[in-house]
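Both blocks below hold the same protein chain, though in two forms, and each is given as structure tokens: structure 1 and structure 2.
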Structure 1
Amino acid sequence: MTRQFWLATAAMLCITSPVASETAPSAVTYVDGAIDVSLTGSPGDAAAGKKVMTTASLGNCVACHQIGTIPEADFQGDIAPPLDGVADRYSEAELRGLVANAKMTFEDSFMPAFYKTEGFTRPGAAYSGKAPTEDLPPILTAQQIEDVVAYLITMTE
């Protein structure tokens, strides 16, 4: 029984340790809009980032941006800058900051903050009284942010 307990405990520590190393949204440090260090402490997966960028329930970057490297993505938007060559225009740290919260670089951006949990305006409270008061979860996880950045840095001219 004791051996099973310690094995289970060790397994749980292995499973939860990547989460423990993530930088919480409220602890992210922006320097001129850039985030210099990985939010997870490990590199992202470009293939997973591509999936986040093209999945409506995740990042759905293609809803606003043209992405020539993903021609199979239907209904690409044209209300935001094209992402082709984005790795030539921005550093990895700048891309991480833009994906996490573009308003830290471009104050008037309409791009959602994908890694933010607090500071939202909640007009619903005045109308229904039912707007949540607690922090909201981020749209993307720290790993998903790193995955998107991993894909974006492959996008050179």
Structure 2
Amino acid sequence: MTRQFWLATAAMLCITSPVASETAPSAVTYVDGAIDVSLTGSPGDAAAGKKVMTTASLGNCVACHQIGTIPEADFQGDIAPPLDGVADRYSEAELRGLVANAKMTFEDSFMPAFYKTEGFTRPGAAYSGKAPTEDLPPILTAQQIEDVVAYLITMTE
């Protein structure tokens, strides 16, 4: 009984604690804008990434990019390049860097940095319009970034 309890607790901790191999936003190394290694230490889940890309409160990639492979997301924006074939144009490491902080690749990019927590002008607590009372989390977690990258690398033409 006790042994089972401790085993279960240990298993739960493994799930809920930040994974030791996860790279924090401030610790990410960019090489010419690219991030070579997975932020979580393992590959992401493309299906989960697709969800992040079309959910307004998460990645909301379709707000600005046209994504022909996700026709069910309506009113796709057109202020940024279409993403179809993006895996033919960029490597996985480059895509990871673009999603995490596109300004490391394109200095003046309009694209928000999805894995950055410092260096903002008047940051707010999410969409409340109010000053944050805690440390600012990145817009997407390391896992969500990897999930999006996993979907993007399927986008060959």
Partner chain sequence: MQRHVARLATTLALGLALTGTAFADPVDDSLSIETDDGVLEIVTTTAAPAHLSDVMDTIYSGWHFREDETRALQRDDFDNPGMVYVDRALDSWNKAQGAKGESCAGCHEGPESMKGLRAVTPRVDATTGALMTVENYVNECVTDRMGLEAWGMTGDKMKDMLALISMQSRGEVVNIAIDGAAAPFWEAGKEIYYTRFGQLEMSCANCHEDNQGRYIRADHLSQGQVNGFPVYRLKDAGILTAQQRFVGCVRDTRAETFKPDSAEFKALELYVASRGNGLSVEGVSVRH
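Computed from a predicted structure; not experimentally measured. Numbers given to residues start at 1 and step along the sequence of structure 1. We call the rigid core whatever largest set of C-alpha positions still superposes within 1.5 Å between the two forms.
message = Structure 1 or structure 2: which matches the form predicted on its own?
response = Form predicted on its own: structure 1.
request  = Keeping the rigid core fixed, work out how far the Cα of residue 133 travels between structures 1 and 2, to one decimal in Å.
outcome  = With the cores aligned, its C-alpha sits 8.1 Å away.
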